[in-house]
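The chain below stands alone and is given as structure tokens, in the form predicted alone.
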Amino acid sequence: MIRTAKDTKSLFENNLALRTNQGKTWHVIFLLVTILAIVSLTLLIVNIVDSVFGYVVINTKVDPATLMVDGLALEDQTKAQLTEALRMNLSSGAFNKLNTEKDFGDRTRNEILALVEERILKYEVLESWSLADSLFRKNSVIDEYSKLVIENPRATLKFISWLTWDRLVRPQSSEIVTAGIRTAILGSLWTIIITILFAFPLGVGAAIYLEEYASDNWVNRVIQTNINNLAGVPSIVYGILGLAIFVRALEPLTSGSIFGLVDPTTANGRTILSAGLTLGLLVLPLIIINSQEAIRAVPQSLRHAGYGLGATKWQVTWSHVLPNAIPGILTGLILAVSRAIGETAPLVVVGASTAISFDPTSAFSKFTTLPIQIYQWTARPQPEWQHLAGAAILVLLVLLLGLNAVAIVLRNKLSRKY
């Protein structure tokens, strides 16, 4: 069949109209998906913020006025005066136990004030409300407070933020009013630093070998296939692997006893080092795959130019390939950190503590992390702990964004145009 110019033009116009309509349809679909994602994220943030602010009714079992010294309220007393208050109001056994856990001379004033509030005043939250209830049901809140104050004359109604600087610098506590998240923040930072130090150089090195040096044979193809498969393995499996290797098999190393840094009778491998190495294994395939893609994207002309000047393979890789692949490699690092910092299941298996009141001081310390802390607080039935969990979630998001921002700045500074 012979087509005329008119038929060809008509067919072209019909196909063009069809492709245009398909493009518009997909454009609308992608736009709706983007809007849905933004709305979902906004609702999530609003829900978290709603739990972080609001009215609370706080009561003390002991009148704070009884602890005034020389007319000074607790908030204005010195570290020595607060320590003396603990000595006078606690039993000698309880006071000595606190001093054994951490010498009072090494504690900050805020830490000692928190102990006074927790052990002597015994603050308790009688009732709490969300931000929405506090703003739109204020009269109902005041009515409920009026009923509570009849039985609790020292109860006070306050509009508070569960996320304050005081919360950030206080250690964990069993009392909601004095509980802080400093221990969990430090545990997360220690864990992520060890994860990056372990996984980043190893992952980039593996990517360089697979892309620049490995020949195309069945052995390397099997290795590449396994790396791709490992990227999709559930995180709990890595936790079991970390328990078997780092916690048990390498216990002398991960506990620090091989270096004589801890008491060998009480040391075990459930430390920050084990957690960091486990998360390192978790994100290693992700770093390798993204690094490979970044190295593969470097134009072959740069390699050929280096070889043409007489450079060796390693010189070309180090001087030409890596500098141009760094932006993509750091993008992979951002994705890896984003996944590792929010992991909970592997750390639970490895042995993260759910209740710990002292800060980690080395890679061989016992630890907890922000996701573990959030999980523990949200599992409690009292709504006040869920308010505090919302504050910890905001801290986790800020910490994640901060780490990602550092990586993005480095990526932009090291990026090259060719």
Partner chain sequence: MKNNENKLSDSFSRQNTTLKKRRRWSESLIQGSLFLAGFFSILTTAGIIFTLGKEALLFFQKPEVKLFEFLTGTAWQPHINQFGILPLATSTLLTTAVAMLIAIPLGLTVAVFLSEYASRKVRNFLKPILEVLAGIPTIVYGYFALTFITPLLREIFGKDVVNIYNTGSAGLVMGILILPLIASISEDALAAVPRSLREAGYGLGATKFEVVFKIVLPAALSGISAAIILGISRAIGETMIVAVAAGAGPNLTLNPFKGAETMTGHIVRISGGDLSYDSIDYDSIFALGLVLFLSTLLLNIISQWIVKRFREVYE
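Each form is matched to the other, and the largest set of C-alpha atoms that superpose within 1.5 Å is called the rigid core. The structure displayed is predicted, hence computed values, not measured ones. Numbering follows the first chain given and starts at 1.
A second form of this protein, the form predicted in complex with the partner chain, is not displayed here; the remarks below concern that form.
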Check whether Thr361 has any heavy atom within 4.5 Å of a heavy atom of the partner chain in the model of the complex, and answer yes or no.
-> no
Interface membership of Phe104, the partner chain in the model of the complex, 4.5 Å heavy atom rule = no
Should Asn228 be classed as touching the partner chain in the model of the complex when contacts are defined as heavy atoms within 4.5 Å?
-> yes
Heavy atom to heavy atom, is Gly402 within 4.5 Å of the partner chain in the model of the complex?
-> no
What stretch, of 155-163, 174-182, 118-126, 339-347, brings heavy atoms to within 4.5 Å of the partner chain in the model of the complex?
-> 339-347
Residue among Leu284, Leu113, Ala85, Ile196 with a heavy atom within 4.5 Å of the partner chain in the model of the complex | Leu284
Check each of Leu250, Val237, Leu135, Ile334 and return the one that places a heavy atom within 4.5 angstroms of the partner chain in the model of the complex.
-> Val237
Within 4.5 Å of the partner chain in the model of the complex, do we find a heavy atom from each of Leu273, Ala297 and Ala407?
-> no
Mind listing which residues of 291-319 have a heavy atom within 4.5 Å of the partner chain in the model of the complex?
-> Thr312, Lys313, Trp314, Gln315
Has the Cα of Thr42 moved 2 Å or more between the shown form and the other one, judged after a core fit?
-> yes
When the two forms are laid on each other by their rigid core, does Leu32 show a Cα shift of 2 Å or more between the shown form and the other one?
-> yes
